[in-house]
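Given as structure tokens, the chain that follows is alone and in the form predicted alone.
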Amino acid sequence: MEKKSGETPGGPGRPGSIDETVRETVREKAWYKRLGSGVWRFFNSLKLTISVLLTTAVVSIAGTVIPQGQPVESYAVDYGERWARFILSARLNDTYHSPWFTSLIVILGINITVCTIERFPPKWKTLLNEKTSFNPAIIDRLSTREAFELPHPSGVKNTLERVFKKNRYRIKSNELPEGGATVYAWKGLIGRFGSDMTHLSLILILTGTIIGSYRGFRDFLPILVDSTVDVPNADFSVRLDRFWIDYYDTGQIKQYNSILTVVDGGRDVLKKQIWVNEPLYYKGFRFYQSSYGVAWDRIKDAELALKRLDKNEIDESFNVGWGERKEIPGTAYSVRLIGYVSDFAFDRNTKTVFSKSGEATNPAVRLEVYEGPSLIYTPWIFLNYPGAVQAIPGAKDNIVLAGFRTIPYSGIAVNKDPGTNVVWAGCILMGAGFFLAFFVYHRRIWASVEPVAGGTLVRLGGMINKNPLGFEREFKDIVEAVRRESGGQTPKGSMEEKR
């Protein structure tokens, strides 16, 4: 039987056959080289990019819909026990700090990096090492081209160079051995790298996001007026000097404001008024006006009065400041204000007093009652239940709470994100990349000057990577300028005729 072309004498699948040779070649290739190329192909995939982006978008929506960082019990109340277990086990309650979300970001970053490495070096080599000398015959293969004759055989190359420079083209010219010359002109080359800059910007943004997730933090500081608190994870403090609310004429809240002072090394180093969307910045920390309210564990002062039990009369009231000891007029007693709760409650097991809420639902103050220099009692007295507790045991007088003035606090959100500057750098680079990609076009024009009988033949042809209609107008203006400055009147062809 006649042997088929391409087969070895051993036949397919037998020793010496082509198939067996291919399999031996594959087996001889080191396993780690095969593995490396497989991993590279996996990350150099547009399908992977789309899949990761879609997955990230979906989980980001889930992270937006599901409240983040709430107490565990709240998820059971809001979603039921079954869904709460799923949310907590999947870390959907802390989506943006979960390992799997970080893994998505890392995979996307590697994918973008590999795609950039795969495409950028060849592009760089091709564009920057592009040959500026060329065969004039290539002009005839360009869709945008023009040819015309000039009566003067000299000075045409200089005219071409001058016109190109006026239009901000870079040029490279060459003399031809048989006479004549070629001129290669180009501009907007950097626009070809806009997509690569955008890829790099994405890598920076993703890197900044990961840095911020693992090295940054967020916290909340309720600060009382005239109080100083230490900033978490920092070596300085902040003091709230003033808090106030601005209102519209209708009575609705317009804005709430705080004046914060940064205390560093025992010195006031920075003071600023903050409000919503106007934070204070210091050493990489940002302090935002977040909320406000009144203190639930202290007050500015209390209005007290002495009640004469035998006459059932109440004397004129007097004010006692927080921590202040003051004599009760007309008696041998004095009082000191030492405690306050906005919503009184008592834990029988621990025998402690606490506030059930921040609202002044059942306010009470604690006093130290002195007779002369001696402390005789430390009662809690109630605004809503005057006389419920005998503040002066065994006496014909009692102390009642007539009112009090609260201390406002300002809710300050504090955060530090060391990746912010990296993200901003990425955003700026992305804007530059978009500008280059969409508004800077790579334009190239090839021109040849050839001596002919009675004059000079000039041929021009060009191409652009985007916006061909705009380039045709520019190309036509360049051709007209060359003909006008050279005194040429006889066209040999036009762009429309030679397409």
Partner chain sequence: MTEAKLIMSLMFFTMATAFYLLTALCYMLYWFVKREWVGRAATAFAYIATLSVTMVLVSRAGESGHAPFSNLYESMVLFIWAMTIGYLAMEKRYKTKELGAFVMTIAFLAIVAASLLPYRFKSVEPLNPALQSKWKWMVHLLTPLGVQKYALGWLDFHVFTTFVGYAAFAISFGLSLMFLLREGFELRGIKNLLIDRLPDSRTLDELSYRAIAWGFPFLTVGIVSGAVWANYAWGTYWGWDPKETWSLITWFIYAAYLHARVTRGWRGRRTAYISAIGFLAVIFLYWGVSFILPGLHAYA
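Superpose the two forms; the largest set of C-alphas matching within 1.5 Å is the rigid core. Positions refer to the first chain, counted from 1. Predicted model only: the values in this text are computed from it and were never measured.
Not on display, but discussed next: the form predicted together with its partner chain.
S.K.: State the residue from Lys157, His199, Arg336, Lys307 whose non-hydrogen atoms include one within 4.5 Å of its partner chain in the predicted bound form.
M.R.: If I apply the 4.5 Å criterion carefully, the residue I get is His199.
S.K.: Sort through Thr116, Thr209, Thr261, Asn319 and report the residue having a heavy atom within 4.5 Å of its partner chain in the predicted bound form.
M.R.: Contact with its partner chain in the predicted bound form is made by Thr209 alone.
S.K.: Evaluate Trp40 for contact with its partner chain in the predicted bound form, applying a 4.5 angstroms cut-off between non-hydrogen atoms, and reply yes or no.
M.R.: Result no; Trp40 lies far from its partner chain in the predicted bound form.
S.K.: Flag Ser374 as yes or no: does it have a non-hydrogen atom within 4.5 angstroms of any non-hydrogen atom of its partner chain in the predicted bound form?
M.R.: Because no heavy atom of Ser374 falls inside 4.5 Å of its partner chain in the predicted bound form, the answer is no.
S.K.: Considering non-hydrogen atoms and a 4.5 Å limit, does its partner chain approach Ser74 in the predicted bound form?
M.R.: Close contact is absent here: in the predicted bound form, Ser74 is far from its partner chain, nothing within 4.5 Å, heavy atoms only.
S.K.: Applying a 4.5 Å heavy atom distance criterion, does Gln255 contact its partner chain in the predicted bound form?
M.R.: Gln255 belongs to the contact set for its partner chain.
S.K.: Each of Ser103, Ile203 and Leu436 within 4.5 Å of its partner chain in the predicted bound form, by any heavy atom, yes or no?
M.R.: No: no residue has a heavy atom within 4.5 Å of the partner.
S.K.: Name the stretch, out of 382 to 390, 246 to 254, 340 to 348, 293 to 301, where some heavy atom lies within 4.5 Å of its partner chain in the predicted bound form.
M.R.: Every other range fails; the passing one is 246 to 254.
S.K.: Do any residues of 60 to 74 have a non-hydrogen atom within 4.5 angstroms of its partner chain in the predicted bound form? If so, which ones, in sequence order?
M.R.: Residues within 4.5 Å: Ser60, Ile61, Thr64, Val65.
S.K.: Would you say Asp196 moves between the shown form and the other one, meaning its CA shifts by 2 Å or more once the core is fitted?
M.R.: Shift at Asp196: 2 Å or more after core fit.
S.K.: Does Asp94 show a Cα shift reaching 2 Å between the shown form and the other one after rigid-core superposition?
M.R.: Yes, the C-alpha position differs by at least 2 Å between the shown form and the other one.
S.K.: Tell me whether Cys115 is among the residues that move between the shown form and the other one (Cα shift of 2 angstroms or more, core superposed).
M.R.: The answer is yes, as the C-alpha of Cys115 shifts between the shown form and the other one by 2 Å or more after core alignment.
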